[in-house]
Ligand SMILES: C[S@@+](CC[C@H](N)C(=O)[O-])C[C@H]1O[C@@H](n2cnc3c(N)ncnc32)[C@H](O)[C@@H]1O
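In structure tokens, the next block holds one chain alone, the form predicted on its own.
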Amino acid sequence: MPQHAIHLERLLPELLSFEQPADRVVSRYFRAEPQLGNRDRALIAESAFAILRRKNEFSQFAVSGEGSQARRLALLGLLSALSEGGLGSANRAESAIADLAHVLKPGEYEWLQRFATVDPAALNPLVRNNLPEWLWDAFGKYPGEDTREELAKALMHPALLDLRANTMKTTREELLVQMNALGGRYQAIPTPYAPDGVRIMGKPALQNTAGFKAGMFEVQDEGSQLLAYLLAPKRGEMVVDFCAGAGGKTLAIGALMRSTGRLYALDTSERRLANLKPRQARSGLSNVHPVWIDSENDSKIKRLAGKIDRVLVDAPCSGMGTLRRNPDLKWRQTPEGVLELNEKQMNILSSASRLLKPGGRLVYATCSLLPQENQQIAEAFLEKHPNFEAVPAAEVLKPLFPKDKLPLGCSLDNPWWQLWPHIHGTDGFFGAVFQKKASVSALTVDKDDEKSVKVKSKKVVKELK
């Protein structure tokens, strides 16, 4: 425990400069400290992210106390990780302080006890809710002043660990048995909404397990898993994941297609696509084809125009729906940065829409909670593209939630899909489903005609080379 505080003190200056993503800073630090074991890394990382989640609150209290500011912040981060992050002897502040007792200097024990008794209601709202002013104001407009505090509280807690069972190799039931056999303090339960999801209580080192190495599962938030069902790909189709990144959603889509048809994973980052390759190899999917593009206007996209059945645009966004796991984003992002993203989002969506054949489905998605990245982009797209129409998310997700009056994340007031951390326990996600209007002269293609699909696939492969 003493070394954990020391490592945090060393890590914090770069972390709190917000010049680079926090996960990159932490990963680089761990590479420079190879002697740290998995449990050490888990506690240091969770403590560092706790400091980012509760920066306003911790910084204000750390004005008091003894020792350096970095030391005080490190102790508050450790207290949070041990009491809320599932890494202490019990999920209570008293137990966490007891866990830290043997490393505390004179006066620090009482200082932490004082912190544990602070009444949050007495704090300024920006301090209590640990948000920058621009984001607190934005949440006041949407979801609204009545619920923004509940949302802010949810974003201050670490996200739970969700897995997606790779149905090409196993079932959720088999994965639950496998995960619960890990022993220790870990418990695996089914996710409440995603049919192939498993939620892990605790933070086991999953990359060392036989199941991970065999491709039995992927780490994927439940909300991200559900997004694949908005696209609802069918066997044998031609599908494009337009902003594939490292391929978490790509692999979920490929599994829904049962490794048939062709699934193109497009991205402008060769590094991200390189990270997809080992994941694809573990998954056992043979229908995934990573393709590097230089921009949304790459000539490869033009050659695919009018030939694709379904396109997912998981657009670059502010990430405000992922603050539980990426808390540094709320301090690094700005209103000006969001405006720049809006232009990029519209350009990417417009370019991706050209790929679709008549009757094809386009899904626009973000992990943001801000209307200017979500509803406003969707509405502007429809205005500029009269050959597309919105498809109600409730209609698309009805097969997944047959017993519910209204499927998860859907509304009677609009056709969009929105998940909230404080309501659904997932990351925040937005989805809009569009359909390209069928032209009168469009030929109908039998999707089950395997020979037709093979001929079509070979032609497109040739054009992408």
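The structure displayed is predicted, hence computed values, not measured ones. Sequential numbering from 1, following the sequence displayed.
There is another form of the same protein, the form predicted in complex with this ligand; it is not shown, and what comes next is about it.
Although the partner is absent here, residue 344 is a contact residue: one of its heavy atoms lies within 4.5 angstroms of this ligand in the model of the complex. This ligand is not drawn, but in the model of the complex it has no heavy atom within 4.5 Å of residue 108. Proximity of residue 245 to this ligand in the model of the complex falls within the 4.5 Å heavy atom cutoff.
Contact between residue 296 and this ligand in the model of the complex is found at the 4.5 Å heavy atom cutoff.
Each of 249, 267 and 316 comes within 4.5 Å of this ligand in the model of the complex, counting any heavy atom. The contact residue chosen from 272, 357, 169, 203 relative to this ligand in the model of the complex is 272, the criterion being a non-hydrogen atom within 4.5 angstroms. Of the listed positions (348, 285, 165, 362), a single one reaches within 4.5 angstroms of this ligand by any non-hydrogen atom in the model of the complex, namely 348. In plain terms, the part of the chain that comes close to this ligand in the model of the complex, with a heavy atom within 4.5 Å, is 237 to 245 out of 130 to 138, 174 to 182, 145 to 153, 237 to 245.
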